[in-house]
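Before any questions on binding or motion, here is one chain by itself as structure tokens, the form predicted on its own.
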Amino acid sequence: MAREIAILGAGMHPWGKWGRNFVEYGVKAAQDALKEAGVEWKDIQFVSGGDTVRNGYPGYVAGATFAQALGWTGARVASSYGACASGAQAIDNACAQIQAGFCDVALVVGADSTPKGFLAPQGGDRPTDPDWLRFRLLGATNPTYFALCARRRMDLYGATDRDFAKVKVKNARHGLNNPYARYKKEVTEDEVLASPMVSDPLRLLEICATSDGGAALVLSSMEFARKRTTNPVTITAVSTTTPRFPNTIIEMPNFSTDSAAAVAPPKLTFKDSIAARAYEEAGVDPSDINLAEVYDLSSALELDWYEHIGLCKPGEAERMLNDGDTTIGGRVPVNPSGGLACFGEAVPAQAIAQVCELTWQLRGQADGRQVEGARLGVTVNQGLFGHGSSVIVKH
């Protein structure tokens, strides 16, 4: 990153199923972030919104929608959509505006109000849309893809049903005292394994729900921040990388991979490249990381992310989990917030919420789930159609 960006404030609306307009969730998160930052709304010079496509016209222009709801001030706005990476793109846009000198202080906000059940494309016939086609032609819901990834892990590395259950148990324990989490209840491995099978080998308690929620950040230049604090938490890198051709590992919503007959596969797979780009930009190494917030759409996918972000070598994630390395108190706690296992999906808010959690952790403000001595954290998630997302946060 050309220059570090200060995080002055973080705010969230609790995740759940509240049945209200997504704008309400974003406004609450934004107001909390502004209050924490000690910045007046009228002083915000740029509003970067994460879009939600399920809420009609206002959802497609989230930047202006939130600016209007908070009160028009003439601020610059932008709206970003990259599926589950939308929040990171919104963060990236705000950082770029600040680094370019177009503004000193910006608000990033994302919120969602989701339908009941698993996410699906909007209605209508769209035969050129791969996401629509996978539902129409294959009946491949999101849990189907999660299950295929889980089965691949079992075949490649010998992962077991009980390993996947342990991830859920860990995250449920982490999220128990998180005031923003939707699910705050400990579970046992046996309870996880007794929950209904959704898509073999994944059970109901191993797949994240769809949720309503919101998250926001107040970001600024270091010059602006130093007028308010002597030691701010900072963003040192944002990765919004895309795959390299040929992409030889199947990714949702695609039906097939690229051929490597004429061109050799890249050195790094797409998922491996997401955090690697952020590490390179920040000038740090995976061994420097104290904690991580990763995209646990399913408990099995969390294990994949341990390897993709370099916490261990391929095939070693189960050992990390079983040795307690990724629980609070372990070597590199993963999802101390409770992750999507405790929150569920509120798509435009997710990547922003991950940065909120790291901010509170690095300040020592994560009561009941604090990672002691944390100074450097990484987030990672992935949006449909090749949207990588990773943010490095330090204190």
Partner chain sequence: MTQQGLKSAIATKPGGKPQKPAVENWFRADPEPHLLGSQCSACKTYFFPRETFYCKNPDCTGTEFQEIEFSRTGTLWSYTNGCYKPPPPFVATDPFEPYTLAAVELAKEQIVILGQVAGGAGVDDLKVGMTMELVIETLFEDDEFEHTVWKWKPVTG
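Here the structure is a predicted model, which is why all the values come from computation and not from measurement. Residue numbers count along the first chain shown, from 1.
Although not depicted, the form predicted in complex with the partner chain is the subject of the following passage.
The partner chain in the model of the complex is approached by residue 263, whose closest heavy atom lies within 4.5 angstroms of it. Contact annotation: residue 254 falls within 4.5 Å of the partner chain in the model of the complex, judged by heavy atom distances. Although the partner is absent here, residue 133 is a contact residue: one of its heavy atoms lies within 4.5 angstroms of the partner chain in the model of the complex. Contact check for residue 74: every heavy atom lies farther than 4.5 Å from the partner chain in the model of the complex. With the partner omitted from this view, the residue of 186, 223, 155, 285 that lies near the partner chain in the model of the complex is 155 [heavy atom within 4.5 Å]. Scanning 268, 193, 176, 148 against the partner chain in the model of the complex with a 4.5 Å heavy atom cut-off leaves one residue, 148. Checking 139 to 147, 161 to 169, 105 to 113, 285 to 293 against the partner chain in the model of the complex, the stretch whose residues place heavy atoms within 4.5 Å of it is 139 to 147. Contacts of stretch 219 to 250 with the partner chain in the model of the complex, defined by any heavy atom lying within 4.5 Å, are made by 245, 249, 250, listed in sequence order.
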